[in-house]
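First structure 1, then structure 2: two forms of the same chain, each alone, as structure tokens.
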Structure 1
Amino acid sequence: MHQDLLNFETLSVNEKARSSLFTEDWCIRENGTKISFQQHRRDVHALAATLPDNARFALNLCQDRYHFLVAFVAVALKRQTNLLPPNRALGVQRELIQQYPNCYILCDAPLADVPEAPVFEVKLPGKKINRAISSPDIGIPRDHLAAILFTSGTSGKPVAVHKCWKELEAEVQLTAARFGLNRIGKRHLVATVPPQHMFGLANSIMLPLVCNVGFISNRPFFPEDIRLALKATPGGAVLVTTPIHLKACINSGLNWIDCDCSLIISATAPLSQKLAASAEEQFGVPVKEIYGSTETGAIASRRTTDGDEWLFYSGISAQPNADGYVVSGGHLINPCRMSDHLQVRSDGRFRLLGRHSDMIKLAGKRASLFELNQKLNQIDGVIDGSFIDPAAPGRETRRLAAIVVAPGMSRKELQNALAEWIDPVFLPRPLLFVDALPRNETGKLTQQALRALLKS
């Protein structure tokens, strides 16, 4: 069974909506160049013709979103698998090349350090095609292993997660239906997350491929860059971002009302109701939050300002077992054990109670790092902060520490504020003040990075 991107069989829209994919501005490059969906298909075939026939894996390091998308589909068209690393560290690249023999590298800029593997730089023709010229088909088996992603490693070593084409495709169809992205009307995605991450892959790569959504190819980082990217969209922009980027936008003092943003979608870390309310006020649009993981993809959502309950995507449900909950249905090919504690209602709504690995027991009392972090970050004056268990894995927890970004606050002020919200046994000792937390590209914190900062 093949998924034929030429025929748009997956689009749940009418012919008028389908034809909008053939406009010249399906993708908008950073330099203002506009690319149609037809041109994309030709670029895929042109790149695929240059790739090795006998390889099994391609380490896709492309940073420009259009380059990544063309490379991603070209690799799948060759019946090969995209390796999507958790970061761009040279050591990670070398480890993946050793783990996955017969691998080559795809990039869109020269690499400073090159691991021992063939390197193919993605260079696409700048000349546009005539719209009247038909474009070649792109048929990909639906059960093809399209990508191997890796968990963020927040609580340990990253784990490989296999994703076939039909699972990626089905996930974004559910997302599009949940947020109304499959309705008629021009929309363009502006994403601050890398395409190698599950959230970025689904919501800035697969959404444009499968649904009626355009996209901006660059990845804006600073608030002014994000604002300019939103204003560059020809229709209602959809901002795909993280709490850390959203907080930077809110604190920037820039005007966001005139950006023609129609929706904000956030994921990768918990979004507080306070931050969501500020974003809705400044942007003038609803802020929606996606819940999921690399293993499951997106499985639920909520409008953060409506409360702390989540609603599963259509067809997805949770079943209790001895270790917590297992989710199944929807786009999930196999049931998946949840790493979070859930409180599930019969109507498909649920609350998050923290991760299994977050549970801390001190002096006979229990708490979760998830809840402690929520209390810490809701304190006025705290810009960012995280509790950490300094004990080595497998060792007994004797005390907690916290690392905080809170300029203008004294240690005593922060300790007194925390004492109003948490049990004294969980008050952090030591309490370390820093200029910034060591967050990765998607705003996540690893225990390894936090412990290293605490030791330093």
Structure 2
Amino acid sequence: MHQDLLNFETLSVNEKARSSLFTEDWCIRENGTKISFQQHRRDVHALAATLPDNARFALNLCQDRYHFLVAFVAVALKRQTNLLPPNRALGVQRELIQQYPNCYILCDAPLADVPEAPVFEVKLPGKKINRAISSPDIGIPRDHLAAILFTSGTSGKPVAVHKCWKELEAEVQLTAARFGLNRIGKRHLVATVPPQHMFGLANSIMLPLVCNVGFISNRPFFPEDIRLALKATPGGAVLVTTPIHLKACINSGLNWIDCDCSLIISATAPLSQKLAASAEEQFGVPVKEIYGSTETGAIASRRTTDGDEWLFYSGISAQPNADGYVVSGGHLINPCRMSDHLQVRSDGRFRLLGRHSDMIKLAGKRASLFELNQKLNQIDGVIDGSFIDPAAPGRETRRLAAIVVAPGMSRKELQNALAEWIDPVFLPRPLLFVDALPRNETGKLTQQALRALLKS
């Protein structure tokens, strides 16, 4: 199964079936413009012709999903690699550009602050190109390193995760097979997640490229945006989202039942049974959850209301080793160590028993406390400081707090300095200034001592 999947020569989607389903409207833009699958190929070739030949990397910052997709494929077509930054912080962009020489930036809106690298704005031809012109195929070597994503390592340094084209393709083949996406007729994906994130890259960019689904190019954010995007799909929608957005939708008081959505796929954070049940009731469709990570991509799923057991994707299995589990098979080129504790059954089902490390997950983003503390203590003017998860162990983290020794620094100065480096969801609140941190005799700080100080 494993080898077959990674070595298949042709896409398993019948191109004819795709063109008959999506004659004109494979992608629907925000202004209602429709783009066919053929048109996207012409746009990819047109953009690729304007990109530099001797670069190796492209920092893909495009926000519109169609722009991102065209840029993503054009970069790969030129045998270059997309760098997908974990957030839009300028310091992070600068670091990537230094770390990956021969890099340019691809964006679809003028950048306020431009790191030192050539910038290319993705502009598509305003008018439709004559359909009679044939659309050249897009040949990307299957071993080509298509993208590098970044995730927080336990040691504190961001870890680069390499994804070659075939692994990305194979993952969404498995997702489509699991959810029957190639057989549900004409559906468009409506996604609330950014394409630079692994879940968004797979389920809003690669899925339409590889399988029989269309997509909406904008990224709806507020509940009313999501409702209108669902209604804009001609044949019905599949909503690709997160527990946070789902919760906002459920609490918005809007009417979801007539939105013609046939499936909801949630990931990035655990979805509660209660929230999943309300969503199923309000939308009138099943809510499925995907389990995975940046390193592994999606590897399992469940219908949340069925219980707490997950089922691995076809071909994927977990083997115990000294300190946890290693997963392999399916789309995975290399076995991956799991960062969660699992309880695995022999039939491919498993339960999650919690995380190993100091990893914090907020709004689908991951950071290690170690890494955040490193960034905090690197700031000029900070003598000592530590982030704290104010939530009691086992409770949901809403926001991080920090306690800092930084005489002479204002709250605002410190917040601005942190914002240069870390994603806004991890910016500490409250931010407490003290004379000294409660270090014990060995110089160690415990989260309990910090929580006690925070409460006092």
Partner chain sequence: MPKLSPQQLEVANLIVDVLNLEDVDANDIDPDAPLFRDGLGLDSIDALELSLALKQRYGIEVRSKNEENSRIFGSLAGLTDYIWRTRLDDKH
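Here the structure is a predicted model, which is why all the values come from computation and not from measurement. Sequence positions of structure 1, starting at 1, serve as the residue numbers. Think of the rigid core as the biggest set of C-alphas that the two forms share within 1.5 Å after superposition.
Here the chain coming from the form predicted on its own is structure 1, while structure 2 comes from the other form. Core-superposed comparison between structure 1 and structure 2: the C-alpha position of G408 differs by no less than 2 Å. Superposed on the core, the two forms differ at L372: its CA moves 2 Å or more between structure 1 and structure 2. A displacement of 2 angstroms or greater separates the C-alpha positions of E420 between structure 1 and structure 2, with the rigid core held in common.
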